[in-house]
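One chain comes next, on its own, written as structure tokens: the form predicted alone.
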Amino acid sequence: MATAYEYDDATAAAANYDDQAGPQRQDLGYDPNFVPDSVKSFVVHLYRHIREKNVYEIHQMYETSFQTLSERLFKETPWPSVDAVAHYVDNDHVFCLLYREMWFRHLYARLSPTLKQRIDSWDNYCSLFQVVLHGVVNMQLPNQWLWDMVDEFVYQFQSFCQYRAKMKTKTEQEIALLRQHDQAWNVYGVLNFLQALVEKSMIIQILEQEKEGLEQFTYTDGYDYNGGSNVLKVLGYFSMVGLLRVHCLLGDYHTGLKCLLPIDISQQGVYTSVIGSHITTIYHYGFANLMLRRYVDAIREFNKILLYIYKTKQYHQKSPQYEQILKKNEQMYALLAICLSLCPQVKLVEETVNSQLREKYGEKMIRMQRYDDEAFAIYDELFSYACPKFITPSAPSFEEPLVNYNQDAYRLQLKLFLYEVKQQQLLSGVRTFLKVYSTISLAKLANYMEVDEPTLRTILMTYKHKTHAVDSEGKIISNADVDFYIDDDMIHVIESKPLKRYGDYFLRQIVKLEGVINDMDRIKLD
């Protein structure tokens, strides 16, 4: 099998290259034109497998061999330049664009790109997406690679906006370059490419036809088994997730969720075929719903993904995305703690997830219910830790004095979030009383809360408003675990009864019992 040969060759050649060329690299620095034998073998085999549409081998080389070579040969340097490897692959234009896409991704992951490299990466993405949109691409690529393209495209846009916003440290040459290339990583360019991929791929129509049984896109994980290409369709599919992420970075949560509507996230789909795509989708979906006060939707999806990660994370320990999986896992627990503090719907959370949540944030969640300065500080801390890295997409002012504005978008979103938390302060008192009574007069509740009746009516209307939200279809939905209605100055309380779940409890006890039995089997009796 070609991959096995290439992998062994990579390992041997890497060791040989380290022994023979190590001193040369240290003395002379990085040589973009030097191509180790293992890299020649890698590009030749990868090129061949792409031409043969051998998705399994492409995936093995992309996921395993590329990471192995990067770790052994290019830990602190970029890969050889595209010009140095082009003649090994017949100067194939599309393959060279794909190679450069991987080249820049490795550069961003291992090193710190210069402004010129950031601009060159933008140009490469423009060329690559133009070929996909307007050319004839007869390839089958693994979903992992296609997801990584969209994911990295959005990440590099975010990174460029953060970099550009730090104007104080810019040199005159960098400012001149920013002025010259003012269209590089322009927000409209990024959104246009993602939207163009969605429209050109006709993925929305394909997903609609699939509901009627006329397509099998999800059933085949987006692959084309009739000799066609999956590239445009799957890129279009993942671009909907990319659009959600970009709009979240801009603080436009409604538009972001609207872009994701064609994907039914209550079901398994192509987005769940790649762990990074699955987590990114639910993280941004949950965060957008949190900011729109759709707490129940956020809690339900955070619960599902956190349970999934809990059960499957051990299978991803060797994956290059493992650290990112763990980081997003911790961030989503923090967001779930916020959701449950603002909307106590614990019945929606599985026992396993709830147990993990109490272990991580149990103490803080108790303090968050007080709505004092300490509680606001905790809300601030959790939001700052778990929120996306918001961006300001507009071009900077090049006039003196130069100022940094990379934190402006984050501060605005934090301010809006804490303003919402403060508005919930009065509601916690109302909810406490409503949980105690099944009926109570307005006068009696006003007396308990030490306010007059007109003020109480205002507070109750605020409670109704804050515990209801508008869903993606324009319908009003309730987030309340305790609701009420008023009839002739009497408040009638309606409390939803939580469903008792026994399954999780018994499963955990069975696992514990099996562990005890296994331990007993290991004991040797005399």
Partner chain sequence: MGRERDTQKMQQQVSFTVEQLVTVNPYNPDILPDLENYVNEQVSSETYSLDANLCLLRLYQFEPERLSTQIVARILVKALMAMPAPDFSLCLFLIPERVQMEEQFKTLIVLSHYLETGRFRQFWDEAAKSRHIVEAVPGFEQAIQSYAIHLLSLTYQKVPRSVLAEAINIEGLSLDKFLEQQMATCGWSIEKGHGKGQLIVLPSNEFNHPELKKNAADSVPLEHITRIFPILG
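Heads up, when I say rigid core I mean the largest set of C-alphas that superpose within 1.5 Å between the two forms. Residue numbers count along the first chain shown, from 1. All figures in this text were calculated on a predicted structure; none of them were measured in a lab.
If you look for the form predicted in complex with the partner chain, you will not find it shown, but the lines that follow are about it.
Contact check for Tyr108, Tyr322 and Tyr379: none of the three has a heavy atom within 4.5 Å of the partner chain in the model of the complex. Although the partner is absent here, Leu416 is a contact residue: one of its heavy atoms lies within 4.5 angstroms of the partner chain in the model of the complex. Among residues of the shown chain, Tyr188 is one whose heavy atoms approach the partner chain to within 4.5 Å in the model of the complex. At the 4.5 Å threshold, heavy atoms of Phe217 stay clear of the partner chain in the model of the complex, well away from it.
Among residues of the shown chain, Gln317 is not one whose heavy atoms approach the partner chain to within 4.5 Å in the model of the complex.
With the partner omitted from this view, the residue of Gln183, Ser394, Ser438, Gln205 that lies near the partner chain in the model of the complex is Ser394 [heavy atom within 4.5 Å]. Of the residues Pro78, Pro262, Gly251, Gly429, just one reaches the partner chain in the model of the complex with a heavy atom at 4.5 Å or closer; this is Gly251. Partner contacts here mean any heavy atom within 4.5 Å of the partner chain in the model of the complex, and among 141-149, 192-200, 91-99, 362-370 they occur only in 192-200. Residues are counted as partner-facing when one of their heavy atoms sits within 4.5 Å of the partner chain in the model of the complex; in 474-488 these are Ile476, Ser478, Phe484, Tyr485, Ile486, Asp487, Asp488, in sequence order. Core-superposed comparison between this form and the one not shown: CA of Ser355 displaced by less than 2 Å.
Thr169: CA moves less than 2 Å between this form and the one not shown after rigid-core fitting. Core-superposed comparison between this form and the one not shown: the CA of Leu133 stays below a 2 Å shift. In contrast to the form presented, in the model of the complex the C-alpha positions of Val511 and Gln267 draw closer by 3 Å or more.
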